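Just one chain follows, in the form predicted alone, and it is written as structure tokens.
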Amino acid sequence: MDFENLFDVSGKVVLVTGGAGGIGRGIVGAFVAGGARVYIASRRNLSQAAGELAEYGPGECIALQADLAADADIAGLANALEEREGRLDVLVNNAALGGFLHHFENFPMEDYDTMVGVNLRAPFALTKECLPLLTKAGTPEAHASVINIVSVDGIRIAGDNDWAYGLSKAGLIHLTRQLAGREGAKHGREGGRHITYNAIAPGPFPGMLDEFLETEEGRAAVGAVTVSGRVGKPEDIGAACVYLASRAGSYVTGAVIPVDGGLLVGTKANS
């Protein structure tokens, strides 16, 4: 048995979409702290955020500007990584859009298209464009990894009219399983790909829930729906990503890992 450097991600090339705040910041910080070179991508200029995140070193954080709603920008992002690195060890599809809570009969199709475009179409397109880079990186000794950040609302039926959000995250879970089953079936063959595909389903975390977390009472109320009795910390998701991307997670593919403090198994979640 070899337990040395089991969770090592040093030297890995990582792309995290939506990596400037909330959960994304925890993901980037964990990889940078582990010695990885992390690219963060957004349509906004993230240079300042990249500088702040680089302080978690010894790794690096580099900002690339790309609108994930535009196919040309997605292709350009993959091309930029090809020119700079020639490979991609880890792709974390984290960028997502929340909100848009409407009753079903009044749900604007424009809002539906926007949310599904960001939360499902963009990860599909970016994974497709990055597949050659991931294939170059993955070896029998050190797999490449695609990690899709989904949501417990893609597993359960939420009660707050999040029709498009829950549906888009459920779709991303299914895409994760499809990739693991179909692309993953090529593993181990001559010329095959050594890539794992997994999803992480966060429960209550800062970011989309900020409006509820501004007061101590609000934080307590959100935390009360979990078994753990607290709101998640961004580094909780970062730690799960490092696990999946490191040798420790090399035998895990097609999995959906809830990082939800026990929300899905709690009595309130099932009442």
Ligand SMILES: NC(=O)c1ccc[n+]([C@@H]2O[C@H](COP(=O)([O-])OP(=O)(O)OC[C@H]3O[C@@H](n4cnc5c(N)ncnc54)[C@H](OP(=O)(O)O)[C@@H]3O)[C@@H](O)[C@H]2O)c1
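In this text, all values refer to a predicted model and were calculated from it rather than measured experimentally. Sequential numbering from 1, following the sequence displayed.
One more form of this protein exists, namely the form predicted together with the ligand; it is left out here, but the text below deals with it.
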Exercise. Choose from 103-111, 131-139, 82-90, 165-173 the stretch whose residues reach within 4.5 Å of the ligand in the model of the complex, heavy atoms counted.
Key: 165-173
Quiz item: Since exactly one of 78, 179, 96, 195 fits, which has a heavy atom within 4.5 Å of the ligand in the model of the complex?
Solution: 96
Quiz item: Of 235, 52, 67, 60, which residue is found within 4.5 angstroms of the ligand in the model of the complex when only non-hydrogen atoms are counted?
Solution: 67
Quiz item: Would residue 261 show up as a contact with the ligand in the model of the complex if we use heavy atoms at 4.5 Å?
Solution: no
Exercise. Would you please decide whether residue 24 lies within 4.5 angstroms of the ligand in the model of the complex, comparing each non-hydrogen atom pair?
Key: yes
Exercise. Tell me, yes or no, whether residue 246 is in contact with the ligand in the model of the complex, where a contact means a heavy atom of each within 4.5 Å.
Key: no
Practice problem: Answer for residue 29 alone: is it within 4.5 Å of the ligand in the model of the complex, judged on heavy atom distances? | Solution: no
